[in-house]
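Consider the single chain below, provided in structure tokens and representing the form predicted alone.
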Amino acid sequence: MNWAVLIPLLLFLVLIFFIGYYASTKLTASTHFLHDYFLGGRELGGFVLAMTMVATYGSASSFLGGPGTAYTMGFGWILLAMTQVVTGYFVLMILGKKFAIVTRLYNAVTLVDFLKKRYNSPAVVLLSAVSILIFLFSAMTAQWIGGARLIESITGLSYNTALFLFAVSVLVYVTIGGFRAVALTDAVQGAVMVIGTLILLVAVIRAGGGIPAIVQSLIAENPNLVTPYGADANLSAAYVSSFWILVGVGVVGLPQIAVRAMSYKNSQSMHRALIIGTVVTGVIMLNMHLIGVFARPILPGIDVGDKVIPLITLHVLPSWLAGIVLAAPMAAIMSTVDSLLILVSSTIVKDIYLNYVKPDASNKRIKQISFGVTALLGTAVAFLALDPPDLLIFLNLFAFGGLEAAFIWPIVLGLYWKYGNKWGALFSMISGIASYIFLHFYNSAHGNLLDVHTVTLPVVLSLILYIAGSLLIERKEYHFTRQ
């Protein structure tokens, strides 16, 4: 093992454990366990809110899968990836103050809490919970795979051993610390991401002899690598444009992102997060995808795209600095998987167990169930990650698209349209999920229908059916009241 690389990473993990333990001390003294464990007591300041949104969104897909795909496809994938820059700004502007006010009015702890009280329908609740469990299991599996591959590339350990080490590392601090541990560690991890990507980008450019030399090498290999259309000229304008629905408009419907718009302290915190989050997302996304493309002339022939970042880092940096820089993708992966883990746990405990199994459970019992469910979920996902795909970005994007097709309109129109009702929400969710899964497999076999991203048509269809269902069945105005 290369201990010069491993020691900085181990120190980083120790820091994360310490933060998780600190957060757990707050839980011990808490008299509102559900709010504290699953929502951090709604006390996030602007910087922590921005960084937890960035860190949750910037995942193994952004730090391993995305650069790996850019390595394969060239500058066209960078153009596509940069549509993500305004994601955090867009989410907070759309949901913003109204979502925070309404969820406080409802005393909602989870996104499904909001949907339950807005639509007053057990069917909406159960469909929402099942959707979160199915699609977020896919997303969590992608993060587990990414973490294992990173450790595998650095240490030379077998994939399964690396997976075990990563799973244990994440499970300990998430299980004991809850949402507050997730948010605080996200703040640290977000800062590590920014610094690590800057260092690595500069090192890669130097190793390649400067940007002009790198670009000339790419042109000599394949001129399409420096065009907007990708190495195989298969990135059309329609596909790149529609991709923004997946990573821009549709992100409002991601439960793991939307719940953060419930958790901030005040308006000043939200406004500060808008600016910080947008700048940090732009820096991270541009740096990581440029690194992926620039690595191609320096280390040609990498067969598994997810290994591009660890391999190029070890190639262009001294061992001790590589260990520090590799804490960035490790931070991205950990910060996303901990957020997804706590969200799925809250869905089972709050939205299913407390709503339909034992509504009168004691605070002690809720704590026991919450800790146990979180630990069991992480273990189950680790088993699912034992047989990984070659490029985990597509596993992650599948989960994103499914969640967005299910939730975007019940959230947004439920918040802003007074005629939205449970029938519109049900029609929207069922049509969005069913059409997305069908198109996912159809497009995989036959190419993208209408040359747009898979999520595009389901989002449009679910919008039409939300409006139709709401207007044609039980049309009446809805007014927010304390519940």
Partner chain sequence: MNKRFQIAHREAWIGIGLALFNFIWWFGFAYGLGGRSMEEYSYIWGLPDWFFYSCIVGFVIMTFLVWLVVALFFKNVSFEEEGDSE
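Numbering follows the first chain given and starts at 1. None of these values were measured; they are calculated from a predicted model.
Beyond the structure shown, there is the form predicted in complex with the partner chain, which is absent from this document and is the topic of what follows.
A.B. asks: Report whether the minimum heavy atom distance between residue 164 and the partner chain in the model of the complex is within 4.5 Å.
C.D. replies: Contact with the partner chain, no.
A.B. asks: Though only this chain appears here, would residue 71 touch the partner chain in the model of the complex if you measure heavy atom gaps against 4.5 Å?
C.D. replies: Residue-level check for residue 71: no, no contact with the partner chain.
A.B. asks: In the model of the complex, is there a heavy atom of the partner chain that lies within 4.5 Å of any heavy atom of residue 264, even though the partner is absent here?
C.D. replies: Yes, residue 264 lies within 4.5 Å of the partner chain in the model of the complex.
A.B. asks: Just checking whether residue 159 would be counted as a contact of the partner chain in the model of the complex - the rule being heavy atoms within 4.5 angstroms.
C.D. replies: Result no; residue 159 lies far from the partner chain in the model of the complex.
A.B. asks: When the partner chain is placed as it is in the model of the complex, are 271, 274 and 278 each within 4.5 Å of it, taking any non-hydrogen atom of the residue?
C.D. replies: Judged in the model of the complex, 271, 274 and 278 all sit within 4.5 Å of the partner chain.
A.B. asks: Quick one: of 188, 207, 79, 133, which gets a non-hydrogen atom within 4.5 angstroms of the partner chain in the model of the complex?
C.D. replies: Comparing distances to the partner chain in the model of the complex, the residue within 4.5 Å is 79.
A.B. asks: Select from the listed residues 90, 137, 353, 371 the one whose heavy atoms reach within 4.5 Å of the partner chain in the model of the complex.
C.D. replies: By the 4.5 Å heavy-atom cutoff, the listed residue in contact is 90.
A.B. asks: Specify the contacting stretch among 218 to 226, 399 to 407, 295 to 303, 148 to 156, defined as having any heavy atom within 4.5 Å of the partner chain in the model of the complex.
C.D. replies: Going through the listed ranges, the match is 218 to 226.
A.B. asks: Within 360 to 383, which residues come within 4.5 Å of the partner chain in the model of the complex, counting heavy atoms only?
C.D. replies: The stretch 360 to 383, when checked against the partner chain in the model of the complex, contributes no residue at the 4.5 Å heavy-atom cut-off.
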